[in-house]
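Single chain ahead, written as structure tokens, the form predicted alone.
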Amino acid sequence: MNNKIYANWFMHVPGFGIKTMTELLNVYGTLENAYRMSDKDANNLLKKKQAESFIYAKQNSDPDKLYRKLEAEMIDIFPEMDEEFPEKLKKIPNRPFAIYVKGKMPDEHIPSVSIIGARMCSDYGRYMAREFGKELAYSGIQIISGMASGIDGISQRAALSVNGMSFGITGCGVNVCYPEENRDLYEDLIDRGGIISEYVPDTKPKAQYFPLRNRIISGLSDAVIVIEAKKKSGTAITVDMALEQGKEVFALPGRVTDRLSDGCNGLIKQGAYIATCAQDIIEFFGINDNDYGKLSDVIEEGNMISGNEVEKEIMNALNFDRLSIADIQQLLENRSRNFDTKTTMQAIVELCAKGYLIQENGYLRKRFLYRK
């Protein structure tokens, strides 16, 4: 317990990182002993600014009071020397000195993957993030991501929708929800997974924090899956860190003309595994189909809608491509659904009005809908 109390206190002192704390532990043996060092020793052992920060903090904050505040907010802290600190994080370069957790930590005996990608993703990316998230989670794989808008949040919501486990790694305090639009996801992750951060509670999100937190996303994962990403993007930072940590990288292939697939296609050219479906990842972990059955047997598909027979047939026949009305009529005929053109037209108008179809320059495409 003392390690947690004093680790939390040192985390609040500016300028103290894993290197400094390791040096202090080598000298004093415990964090409590390091806390009790004299001002004179602080000036001798620490850099000037660190010594000033340490002396100021001792005069103005109490370790027990700070820790009671953590307990009141149901936040736990796991310092690097704690036996509960994740073994996976102990092995990464520039590991954090401590992590804060609201909820639970991932079970290190269960496979974990991070699903990452563009915030401003396409319908293709949204659909595939959902498919990977729900199927991997249903197979028992833990989903780790950054709780961001786009691919991250979609995959995590999908995992939770099948009662899977998911964990959000944040670039702010664990008691700060960012982005605010993902408040529902944040609350669900606390209840059915966890929120993890190396930043002290109440820390506001800053741009420079997010690239650093990516090493924890990949560090806690056994493999990284990139769903959609531009050639130069924040996703590439996580991939680089994953490779540095020796993690396997999977990428979803996309059209060569699609800029949102440039990053994934580039990774595949460089040797990343191709992930065309969740089964590719499931087989990588050696999970047998019989271990989890068929997902479609137990949950409703996300793109099923209420409507008449013609509307359902149109939605089931369409994919991501833009099609003309004549193309849609031909698709229906190929599926042995011989509705007359007038009936098809009426159904298309109704689907557009409901928001299930999108019109673009005289063509139609499917809008995929997702349950939260």
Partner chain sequence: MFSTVISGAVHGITPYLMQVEVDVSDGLPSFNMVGFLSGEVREAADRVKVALKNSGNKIPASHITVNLSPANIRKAGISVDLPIAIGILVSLGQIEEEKLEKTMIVGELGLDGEVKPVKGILPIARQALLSGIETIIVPFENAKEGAVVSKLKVIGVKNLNETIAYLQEDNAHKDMLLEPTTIDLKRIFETTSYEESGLDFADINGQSAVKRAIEVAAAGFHHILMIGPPGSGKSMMAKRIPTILPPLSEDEALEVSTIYSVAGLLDTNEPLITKRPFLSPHHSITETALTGGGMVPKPGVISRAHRGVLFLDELAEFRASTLDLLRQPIEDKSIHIARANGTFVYPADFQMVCAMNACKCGYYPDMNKCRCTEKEIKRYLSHVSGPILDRIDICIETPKVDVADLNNNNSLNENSETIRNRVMKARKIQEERFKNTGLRFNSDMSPADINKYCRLGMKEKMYMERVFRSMGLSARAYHRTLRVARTIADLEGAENVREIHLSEAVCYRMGENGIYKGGER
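No experiment lies behind these values; they were computed from the predicted model shown. Residue numbers count along the first chain shown, from 1. Between two forms, the rigid core is defined as the largest C-alpha subset superposing within 1.5 Å.
The same protein also has a form predicted together with its partner chain, omitted here; what follows describes it.
Asker: Just to confirm, residue 215 within 4.5 Å of its partner chain in the predicted complex by heavy atoms?
Answerer: No.
Asker: Flag residue 94 as yes or no: does it have a non-hydrogen atom within 4.5 angstroms of any non-hydrogen atom of its partner chain in the predicted complex?
Answerer: The answer is no: residue 94 has no heavy atom within 4.5 Å of its partner chain.
Asker: Answer yes if any heavy atom of residue 362 is within 4.5 Å of a heavy atom of its partner chain in the predicted complex; otherwise answer no.
Answerer: It does: once its partner chain is placed as it appears in the predicted complex, residue 362 has a heavy atom within 4.5 Å of it.
Asker: Given that its partner chain is not shown alongside this chain, does residue 352 nevertheless sit within 4.5 Å of it in the predicted complex, heavy atom to heavy atom?
Answerer: Yes, contact at 4.5 Å.
Asker: Counting non-hydrogen atoms within 4.5 angstroms of its partner chain in the predicted complex, say which of 30, 43, 316, 346 makes the cut.
Answerer: Flagged contact: 346.
Asker: Under a 4.5 angstroms heavy atom criterion, identify the one residue in 89, 200, 242, 260 near its partner chain in the predicted complex.
Answerer: Spelling it out, the residue with a heavy atom inside the cut-off is 260.
Asker: For this chain shown on its own, do 121, 324 and 334 all sit within 4.5 Å of its partner chain in the predicted complex, going by heavy atoms?
Answerer: Yes: each residue has a heavy atom within 4.5 Å of the partner.
Asker: Pick from 61-69, 45-53, 30-38, 325-333: which stretch has non-hydrogen atoms within 4.5 Å of its partner chain in the predicted complex?
Answerer: So the stretch in question is 325-333.
Asker: With both forms fitted on the core, give yes or no for whether the Cα of residue 9 moves by 2 angstroms or more between this form and the one not shown.
Answerer: No: residue 9 shifts by under 2 Å between this form and the one not shown.
Asker: For residue 24, state whether the C-alpha moves by 2 Å or more between this form and the one not shown after rigid core superposition.
Answerer: Residue 24 C-alpha, core-superposed: shift of less than 2 Å.
Asker: Does residue 345 shift between this form and the one not shown by 2 angstroms or more at the C-alpha, the core having been superposed?
Answerer: It does shift by 2 Å or more.
Asker: With a C-alpha distance change of 3 Å or more, do residue 257 and residue 359 lie closer or farther in the predicted complex?
Answerer: Distance between the C-alphas of residue 257 and residue 359: longer in the predicted complex, by 3 Å or more.
Asker: Since the Cα-Cα distance for residue 360 and residue 126 shifts by 3 angstroms or more in the predicted complex, is it a contraction (closer) or an expansion (farther)?
Answerer: Residues converge in the predicted complex, at least 3 Å closer.
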